[in-house]
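In the form predicted alone, a lone chain appears below as structure tokens.
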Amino acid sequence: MAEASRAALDRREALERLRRSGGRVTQARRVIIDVLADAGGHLTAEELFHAVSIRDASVHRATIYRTLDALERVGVLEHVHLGHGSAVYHLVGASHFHLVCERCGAVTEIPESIFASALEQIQFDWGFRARLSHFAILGTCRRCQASRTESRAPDSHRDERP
């Protein structure tokens, strides 16, 4: 998975945001925030459940799902769909998009500013405020493109003429 956004909330900031929103700082919420902060990247709910279970076996699976929803509502974490698998969660940081290679699965975070003009144009022309960060942008990474090009050595039995 990609590195966590450099500007991601740390534990203290996440807990403070939760308090300011009127949310309670429970043991389950504290452990979930700790696991996400320690992960340094994106975790599925199932991965999060396993990591939380190691730290505190008393936290039930249903509690984790409810807590994920609650923490997302108050802006402590967000989820994104990185292709065909389960959604992944990470602590909120600098707004960014995810590029996912369909061949090797590599995830690259890019700043939202790259698409700023397109997002402004969509808002201006259609009055629609797009939120591209919820889904990944799928394609092929540089490394896979290069390896695919290298593996396409000309076949001596193939006619290369148009």
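Numbers for residues come from their place in the sequence shown, where the first is 1. Nothing here was measured: the structure is a model prediction, and the numbers come from that model.
The discussion below concerns the form predicted in complex with the DNA, not included here.
The partner is absent here, but in the predicted complex a heavy atom of R24, alone among R20, R24, R143, R12, sits within 4.5 Å of the DNA. Interface residue among A62, C104, I114, I54 relative to the DNA in the predicted complex, by the heavy atom within 4.5 Å criterion: A62. Contact annotation: the DNA lies within 4.5 Å of heavy atoms from the stretch 66-74 in the predicted complex, the single such stretch among 66-74, 33-41, 120-128, 96-104. In the predicted complex, the DNA stays beyond 4.5 Å of every heavy atom belonging to L132.
By the criterion of a heavy atom within 4.5 Å, I110 is excluded from the residues contacting the DNA in the predicted complex. Although the partner is absent here, I137 sits far enough away that none of its heavy atoms falls within 4.5 Å of the DNA in the predicted complex.
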